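The form predicted alone is given below as one chain in structure tokens.
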Amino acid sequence: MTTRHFIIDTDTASDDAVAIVMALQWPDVEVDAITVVYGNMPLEIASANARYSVEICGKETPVYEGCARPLLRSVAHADWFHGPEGMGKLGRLHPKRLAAGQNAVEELIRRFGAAPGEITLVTLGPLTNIAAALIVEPRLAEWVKECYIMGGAANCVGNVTPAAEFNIWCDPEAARIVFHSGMKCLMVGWEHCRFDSALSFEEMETIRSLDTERAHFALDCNSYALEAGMTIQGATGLMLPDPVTMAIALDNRVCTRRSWHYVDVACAEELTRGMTVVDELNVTGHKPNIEVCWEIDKPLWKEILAQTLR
């Protein structure tokens, strides 16, 4: 079995933590590094949450801290959704290991540059670290083997405004840089965690019955997110956008319909700030720049989740 190499960029709160665990537990994947960005949480809390997630898996994956704010905008966080520390009922986490450094942007450039075309990038938060790295070294776009972006919404409702998904909304300028960089990207919108893709209460009980530290961790850290999703967004279960994206990165069969389109990001308009505008019908005539995930295999994504929590 050939080993695949991943780097994960994350604003670690509850669903990011589960996605990190999934990657660390997948048999043919080696997570070379984790880079942390502000977003769901302030940088220092997101970093601690990422490092604790690594420890839950008994790994020593280095965690590097990166950008603490957007390129141009004021910083915003999602404690209203994930809880004050981002990890639900678990509260403030205290990992044993320190961050490997505060040079995430440099580390992205160094690692991808040392192994061009060999490492997959999975982004779970605002794209500020990636955009900052591209500004310094545009060749990063061609060095990345492929990039799975948890972000945006393909021609559907947003989750932080009517038009925008949180990760893209936080730093739309950064997202626009990444989307137009030439990097091979698959955009997995937040819509793929909704409705039947969410974990039902019965499915959550099945995960709880696995009775492993990882299974309990995955549910406990998402306790705030479960309640917020049901109260604020009308969910009927636990929505896990980052793990859905990670499931696709781990097993491409999870994404059952995908296609390339021209996608731009709304930056200046307050009403549509952060909206990912997908030219599905090619009305602009612009060259496609982003591959879009349109449909997923819901049972397969949940099977992969359970497999990694056993």
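Since we're looking at a predicted model, the values are computed, not measured. A residue's number is simply how far along the shown sequence it sits, counting from 1.
In what follows, reference is made to the form predicted in complex with alpha-D-ribofuranose, a form of this protein that is not presented.
K.L.:
With alpha-D-ribofuranose left out of view, choose which of M150, A175, A104, M87 has a non-hydrogen atom within 4.5 angstroms of it in the model of the complex.
P.N.:
It is M150 that has a heavy atom within 4.5 Å of the partner.
K.L.:
Would you mind picking out the stretch of 159-167, 129-137, 88-96, 205-213 that comes within 4.5 angstroms of alpha-D-ribofuranose in the model of the complex, counting non-hydrogen atoms?
P.N.:
Heavy atoms within 4.5 Å of alpha-D-ribofuranose in the model of the complex occur in 159-167.
K.L.:
Any of the heavy atoms of N40 lying within 4.5 Å of alpha-D-ribofuranose in the model of the complex?
P.N.:
Flag for N40 set to yes.
K.L.:
Are any of the heavy atoms in P241 no more than 4.5 Å from a heavy atom of alpha-D-ribofuranose in the model of the complex?
P.N.:
Although alpha-D-ribofuranose is absent here, P241 would touch it in the model of the complex, with heavy atoms inside 4.5 Å.
K.L.:
Closest heavy atom of L108 to alpha-D-ribofuranose in the model of the complex, within 4.5 Å or not?
P.N.:
No, no contact at 4.5 Å.
K.L.:
Considering non-hydrogen atoms and a 4.5 Å limit, does alpha-D-ribofuranose approach L124 in the model of the complex?
P.N.:
Result yes; L124 sits at the interface with alpha-D-ribofuranose in the model of the complex.
K.L.:
Enumerate the residues of 48-82 that have a non-hydrogen atom within 4.5 Å of alpha-D-ribofuranose in the model of the complex, in sequence order, or give none.
P.N.:
Contacts from 48-82: just H82.
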